[in-house]
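Consider the single chain below, provided in structure tokens and representing the form predicted alone.
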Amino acid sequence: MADAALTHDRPAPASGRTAWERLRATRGWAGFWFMLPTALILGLFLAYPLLKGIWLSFTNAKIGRAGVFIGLENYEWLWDDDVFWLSVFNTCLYTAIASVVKFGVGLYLALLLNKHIPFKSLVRSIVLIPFVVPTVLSAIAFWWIFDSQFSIISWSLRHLGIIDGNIDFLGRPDMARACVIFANIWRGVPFIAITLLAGLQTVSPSLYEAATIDGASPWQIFYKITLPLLTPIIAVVMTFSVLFTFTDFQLIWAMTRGGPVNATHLMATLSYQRGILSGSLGEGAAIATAMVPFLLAAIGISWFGLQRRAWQSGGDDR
């Protein structure tokens, strides 16, 4: 009888519990139920359009016509399309240069803003302005700054006697690439700077005090203390930076429409031009789908190249 009573009082195994019992017993299930609505929303607005776009890339769909399955024909067409490969080159160049420069400038600003300087709060607010201003307004401002006739840069250089005529910033391929990269850097630096600054705020001042007492130089303090502690945050912020830069559309389209002679066309702008403006939804979807491997590679380089197992687990590499 005693054994029977003990057996009766023993709690039911976890596998035999209902979802509600697991919710009451474990935090993991509670987190699952709280995240479920978000997962459903993401699945509806992200996963479904992605799968739909992949399907369209295998069809000859056009605006107003459903289209039929044509296999890899769109991708075979893109393989021989020089404009497509130019957009791939532009996208990779644009992402690489802008991301590296944004990280360098953003890290410098974060270190500077972390020091005790006059009007620190005001300076931090000013740094955020480029990120707060809508992208289209920023693009229009830069379009005016680099305009071939009304450029404030050309006007200033003419009045200083440095040049005789206006500089056609957006009319020359190499110059146009440099201008759009500069505009992207201007917009993206605040995001990286403020995020890294938040990470710097979590570093204990006692670590710096101990390093200073031991006679460490400022460079040694940065390399041995600041950088290792910031690396997980750097991995996250650079992953987002690469994603935002690689898929940039508004800035390029508002400034150059992909010109001159397709010199600033990114994969996103070319996909829009072919899929929406030209009406070839299948081809546009194929260009957009072709971005996925590049995005996965960019995420892998940015994430796994910076974040080691020790930073994830808090232990030594094994």
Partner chain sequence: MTVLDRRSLLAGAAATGLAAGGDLLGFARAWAQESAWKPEPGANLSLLRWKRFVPSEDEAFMRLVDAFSKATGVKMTVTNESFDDIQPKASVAANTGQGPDMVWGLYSFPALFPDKCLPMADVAESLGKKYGPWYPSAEAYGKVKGKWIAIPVAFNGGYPNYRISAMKKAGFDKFPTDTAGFLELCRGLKKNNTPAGFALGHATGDGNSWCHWALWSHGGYLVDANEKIIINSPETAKALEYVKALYETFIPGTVSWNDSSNNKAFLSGELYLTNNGISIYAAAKRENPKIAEDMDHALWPIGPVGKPTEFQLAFPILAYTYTKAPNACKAFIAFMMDAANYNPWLEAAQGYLCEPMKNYPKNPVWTMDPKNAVFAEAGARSLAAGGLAPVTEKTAAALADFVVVDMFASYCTGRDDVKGAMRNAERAAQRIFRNA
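Residue numbers count along the first chain shown, from 1. None of these values were measured; they are calculated from a predicted model.
Although it is not shown, the form predicted together with the partner chain is what the next lines describe.
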So which of 105, 200, 153, 86 reaches within 4.5 angstroms of the partner chain in the model of the complex, heavy atom to heavy atom?
-> 86
Note which of 212, 204, 149, 220 lies within 4.5 Å of the partner chain in the model of the complex, where distance is taken over heavy atoms; exactly one does.
-> 149
Verify the contact flag for residue 183: yes if a non-hydrogen atom of it lies within 4.5 Å of a non-hydrogen atom of the partner chain in the model of the complex, no if not.
-> no
Though only this chain appears here, would residue 251 touch the partner chain in the model of the complex if you measure heavy atom gaps against 4.5 Å?
-> no
Does the 4.5 Å heavy atom contact test between residue 63 and the partner chain in the model of the complex come out positive?
-> yes
Residue contact check: residue 40 to the partner chain in the model of the complex, 4.5 Å heavy atom | no
Restricting to 144 to 174, the residues within 4.5 Å of the partner chain in the model of the complex through any heavy atom are 144, 147, 148, 149, 150, 166, 168, 170, 171
